[in-house]
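Just one chain is shown here, as structure tokens, and it is the form predicted on its own.
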Amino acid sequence: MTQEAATAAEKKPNPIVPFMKLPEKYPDEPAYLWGVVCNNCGAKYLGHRTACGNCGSTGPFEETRFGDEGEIYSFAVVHQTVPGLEAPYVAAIVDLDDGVSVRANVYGLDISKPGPEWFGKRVKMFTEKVRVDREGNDIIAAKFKVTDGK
């Protein structure tokens, strides 16, 4: 094996945020969001926690896998952005069915006609490569697509 082939074989996709996991067999197995549940009060958080923001407990926390469906809680149509990012796009807070919220871009909406009917729209998570890091690894982000006409 050449040095170039060995380097290419070592490259792997990496999640853009620490609370997203890419299974060993990604993309054949879907990525997912994970977090913890406070065993004291049941509060749920994306990612790792050292203390509960609800009850102040320092644990224990139980790691859990969150689902990939939810609804739009809040949104903004972004018209100006940094070079390299396409605009306009919909930035939203999505309330997952599991009781946690995540900020993400939402697709499948007519950006020319934003309105109050977007609140509560059902969405489903998908992942895609958004860039390549300095080592040549693909960086994978979670995004959401509208699943209903609500």
Partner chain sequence: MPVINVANACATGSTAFREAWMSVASGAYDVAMAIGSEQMGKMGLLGADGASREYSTEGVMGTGLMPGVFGQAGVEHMRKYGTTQEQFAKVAVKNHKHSVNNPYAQYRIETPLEDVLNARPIAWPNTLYMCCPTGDGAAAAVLMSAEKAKQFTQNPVWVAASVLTSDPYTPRNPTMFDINTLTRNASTEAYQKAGIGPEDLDMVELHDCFATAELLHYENLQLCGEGEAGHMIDEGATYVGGKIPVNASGGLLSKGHPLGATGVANIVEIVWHLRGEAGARQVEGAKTGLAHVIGLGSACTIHVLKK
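Residue numbers count along the first chain shown, from 1. These numbers were taken from a predicted model, which means no experiment stands behind them.
The discussion below concerns the form predicted together with its partner chain, not included here.
Q. For P27, is any heavy atom within 4.5 Å of its partner chain in the model of the complex, or not?
A. Outside the cut-off, so no.
Q. Is there a non-hydrogen atom of R131 within 4.5 angstroms of a non-hydrogen atom of its partner chain in the model of the complex?
A. Contact check for R131: yes, within 4.5 Å of its partner chain in the model of the complex.
Q. With the partner left out of view, is A141 within 4.5 angstroms of its partner chain in the model of the complex by any non-hydrogen atom?
A. Because a heavy atom of A141 falls inside 4.5 Å of its partner chain in the model of the complex, the answer is yes.
Q. Does L109 reach its partner chain in the model of the complex, with heavy atoms at most 4.5 Å apart?
A. Close contact is absent here: in the model of the complex, L109 is far from its partner chain, nothing within 4.5 Å, heavy atoms only.
Q: Just give me the residues of 61 to 79, first to last, that have a heavy atom within 4.5 Å of its partner chain in the model of the complex.
A: Contacting residues: E71, I72, Y73, S74, F75, A76, V77, V78, H79.
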